[in-house]
Structures are given as C-alpha cells and as structure tokens.
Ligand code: FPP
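The chain below stands alone and is given in structure tokens; this is the form predicted alone.
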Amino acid sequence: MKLEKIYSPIKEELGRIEDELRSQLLSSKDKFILEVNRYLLGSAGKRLRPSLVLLSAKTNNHWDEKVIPVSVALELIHTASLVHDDVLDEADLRRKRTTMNTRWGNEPAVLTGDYLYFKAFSILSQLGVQKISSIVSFAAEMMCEGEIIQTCKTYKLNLSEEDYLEIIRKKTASLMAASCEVGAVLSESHPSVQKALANYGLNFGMAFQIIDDCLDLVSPPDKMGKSTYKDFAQGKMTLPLIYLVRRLTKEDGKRINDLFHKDREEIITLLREYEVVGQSWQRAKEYLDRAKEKLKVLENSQAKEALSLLSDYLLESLAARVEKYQIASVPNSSQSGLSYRGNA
C-alpha cells in the first residue's frame, strides 16, 4: 500500500502543516537564513512524526487546533536532528539532495540545527500547554543522550543487543512515542489511551530504526536517497552487525578480525551468509506486532486503521528491499516488544 493512501484521513491537516512550516521557516529577514530554510523546505521527507501526531489526535472525537503547531514543532526537532546527524556522519546526501554540511559547511549546518531546535521550542512555549512541553522536552533530551552514548560506543564489537536497543530507544523511538502521546493528550483521550499510543509510537520507532539500520547496510544510496553505509564506516554497531559478530564468535571467530576494515561487498557477503538481516527483520516485526497490539484499546476509526497500516508499510519496505538484493529471506515471527519508559 502507498503511503499517500495511509495518510488519506489526515490529508487536509498535512497540507496545513506544510503551510505552517513555510510560514515559520520563511519568517526570517536574513537572506542566508531564508536561503537555507528554503532549501530545507525543498527536502521534505515522509512527515512521519506529524502524521503520528495527527493520527493519534484523530483516534478520539475531540479536535484541538494546537495539534497543527505541535506537529510543526516536532517536525522541526526531527529536521534539526537530521542536520546534526549529517555533520556527525559526514554524510553528503539526504533525501536525494546534497546535505547542508556539504553545501555550506559544518558550522552553518550545526548552527542551523540549533536554530531549528530553538524555533520548535519557541512554538511550544507560545501554546502554553505544560504537559506537551514536558513530553517533547523529555524526548529531545533522550535523543541527545542516545546520540552521545552511540558516539562513545563506536567500534565496540562487543556492543550488546541490549545496549543497542537502549540507544535507538532514546535517539529515535522517544520522539515517535512523544508524537503519538501529544496527539492523544491534545484530543483529551483517556490516560490509558495516551499511554497505549505512546507505547505504539515507541515500538513503532524501535522497528523503524532497526529497519533503517538494515537498509543503510544493504541499499545503494541512489535507492535510499541519502548517504548509506555511513554507520558502518564510522564504527556504529547496528543490529545486523551485532548479530553477525555473535554468529562469527560461535562459528568462525577469525572472520571478526578487522571487521571494520572490510569493504562493502565483503560485509554484504557475510550478512547474506549468516542471514542476520533476516534475523533483524524478525526483531523489527516483533516490535511492530507489539505496536499494533497497543491499538486494541482504541475505538475503531480511520485513524486507528491508518496506524495499523503504517506498521505494515514499514515492515514491507525492508522485506521488499532485502529480497530484491537477495540479502535474506524474511521469516515469520512471534509477538514481542518493549514498554515505554518515558512520560506515558
């Protein structure tokens, strides 16, 4: 199923979010800032986090206009994190366009990321909803913690699966959990529904990052629209690599030697031989199964169905890619998951 179809219940609101993003980013009087912000507006992604806010808000019958600016703020926070990530990763391609750091240099890119963060929190502060500000602030703090921890653990071949999951819970899943939770809060959903949607977002975010990490290893950059293989090149242990080291330790420890010095084809050969991408796919599916389980407390609605379909869409994106490049076959899996540890 196409993403446009899944987003159909929120098509009008997504249009309003685009208008508000343009209004926020084109309000500066400085020519350089305007040039940079226009460039960012021309590099739109899937707007996944605003969509999670909107869909979560629409699972209840109460609509609050604050959903639009809150969605904009979350998208700005996400964009800021990508700008900073590209600097750290020395990436040169993002959403099929040259990254800011490549086009203008690291210093303007870092400052632009900071600018976007502060603009997001300025929007939230003007709304005057303390709970929303608290939820989003906590998520932003967790994102920074996750990046710091990951940076400090590069080239650690003994990184555990538990440590990896903690990193992605903070750096990626926390903002998706917050996106779902603030939507539920603004729609005045019951606290149990707010918690369920926060947990949906967390588990969805865990799966999203596992899948993104797999695609970083197996997909050519022209297919992903961004620089790939950067995580491996910079010594970041993602789940397929953790599984690979675990398998090599048991079966052929010598092949671990100089793992980070092997070229891409050697790594892909090992990934295929030990079937660790398929194993990672199964782990992602466990999280998505758990995410969909959390939706059972919700009343039936188009928004609830869209959230369920979004999980299927995410899983299929990896399944299609790994089968296309003959990296792995995708197995069935049982249900499993992770509980939200934030403001739920």
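The numbering used is simple: start at 1 and walk along the sequence shown. The model shown is predicted, which means the values in this text are computed figures rather than measured ones.
Just so it is clear, the following notes concern the form predicted in complex with the named molecule, a form of the same protein that is not shown.
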Are any of the heavy atoms in residue 111 no more than 4.5 Å from a heavy atom of the named molecule in the model of the complex?
-> no
State yes or no: in the model of the complex, is some non-hydrogen atom of residue 236 no more than 4.5 angstroms from a non-hydrogen atom of the named molecule?
-> yes
Proximity of residue 209 to the named molecule in the model of the complex, heavy atoms at 4.5 Å | yes
Close approach of residue 75 to the named molecule in the model of the complex, 4.5 Å, heavy atom = no
Could you tell me which of 260-268, 210-218, 183-191, 123-131 sits within 4.5 Å of the named molecule in the model of the complex, going by non-hydrogen atoms?
-> 210-218
Can we say 84, 140 and 144 each have a non-hydrogen atom within 4.5 Å of the named molecule in the model of the complex?
-> yes
The one option of 117, 104, 232, 274 with any heavy atom within 4.5 Å of the named molecule in the model of the complex is 117
Partner contacts in the model of the complex for 87-107 (non-hydrogen atom within 4.5 angstroms of the named molecule) = 88, 89, 94
